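Below sits a lone chain in structure tokens, taken as the form predicted on its own.
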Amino acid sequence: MEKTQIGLLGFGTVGQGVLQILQSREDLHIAKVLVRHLENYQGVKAPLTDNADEILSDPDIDVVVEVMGGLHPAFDFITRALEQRKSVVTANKAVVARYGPELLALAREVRQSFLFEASVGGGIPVLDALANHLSTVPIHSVEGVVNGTTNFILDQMDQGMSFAQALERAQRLGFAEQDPSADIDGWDSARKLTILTGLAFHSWVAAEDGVVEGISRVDASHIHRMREMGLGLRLVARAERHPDSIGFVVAPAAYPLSHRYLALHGSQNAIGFLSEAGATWLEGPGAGGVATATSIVSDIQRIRRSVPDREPITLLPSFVDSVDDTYVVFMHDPERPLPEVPHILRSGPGFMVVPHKLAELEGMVQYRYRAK
């Protein structure tokens, strides 16, 4: 079998991880790597270019790996690669969440593969398990902790830091971007939940249509009060199948200190599925160059060794609502009126989401409802 020639778009942490793995492979060869500034990579032992056309228009390149991040020009490059009859592997959750159905349709039209295992869960083979094993029976719900930045911040707050102090430390140590909004506002988790929901329920829910709330309004006093209750906090993404809709929520959620979520630190992720077969959990590194690169190389191997899937996943639009959880609102000011119940997650002065009813506590108000 001939070597598979690979064009690599992007050479950050993940791109370097891909190169590191493939340097020891005889069947997979990096033909060209796209970088922004050639002068910054003088010592790299790989064929570099700053011109994407040298990859996208090269007839000898079989697979394009996109690890640039962001919507554009990544989406445009992926589209061009597929149109040039090249299979594409990406780790770009933003592109997959926004354009997944469109790119899957294009891949089927040109009889190529569009694979994105690394877009959710980093080095955890969650999408492969979901698409090829777990979905053999109906799936009722999917949930998980899928963002390491918020894990780190909440860990630091549990040790006494304020949110601002924890965020500053996360940025200083490289756990958070200089613009951390995608992580702390919940959108990184929501985009991953869109992808999980599409494969679990065959319904494509735009992240913007769900209920999405990050951790920026979590106060140190909330963390302290929950600790006294034997609870800890994580940012949880959760979707569940309803008769006529899909529940879709990303929000800070409280669990007993013994729960698996509270053992997650840094980039560790945990994703669970409840199906007719029971509960299944997958845990592992959700980020990191080599960890994420393992999922990318796995997708490349799948393309190399198998005939691309000709049977399309039917992805239908769906009415979106909330999950049926308990929403607890912390009232700092007892004279302050409660927010409208359907908008608690967006307008509460402080809140958490729990999967069960808690005992009534002074200064706290809790509801159980299903948004319509």
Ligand code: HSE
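Quick note: we count residues from 1 along the sequence shown, nothing fancier. Keep in mind it's a predicted model, so treat the numbers as computed, not measured.
Same protein, other form: the form predicted together with ligand HSE, not shown, and the subject of what follows.
In plain terms, the part of the chain that comes close to ligand HSE in the predicted bound form, with a heavy atom within 4.5 Å, is 144 to 152 out of 94 to 102, 214 to 222, 130 to 138, 144 to 152. Taking non-hydrogen atoms only, Lys86 never approaches ligand HSE to within 4.5 angstroms in the predicted bound form. Although the partner is absent here, Phe114 is not a contact residue: none of its heavy atoms lies within 4.5 angstroms of ligand HSE in the predicted bound form. Contact annotation for Lys192: at least one heavy atom lies within 4.5 Å of ligand HSE in the predicted bound form. Using a 4.5 Å cutoff between non-hydrogen atoms, Asp76 does not count as a contact of ligand HSE in the predicted bound form. A heavy atom within 4.5 Å of ligand HSE in the predicted bound form is found for one listed residue only; from Phe175, Trp204, Phe248, Tyr261, this is Phe175.
For the options Ala239, Met226, Ala200, Ala287, the one in contact with ligand HSE in the predicted bound form, meaning a heavy atom within 4.5 Å, is Ala287.
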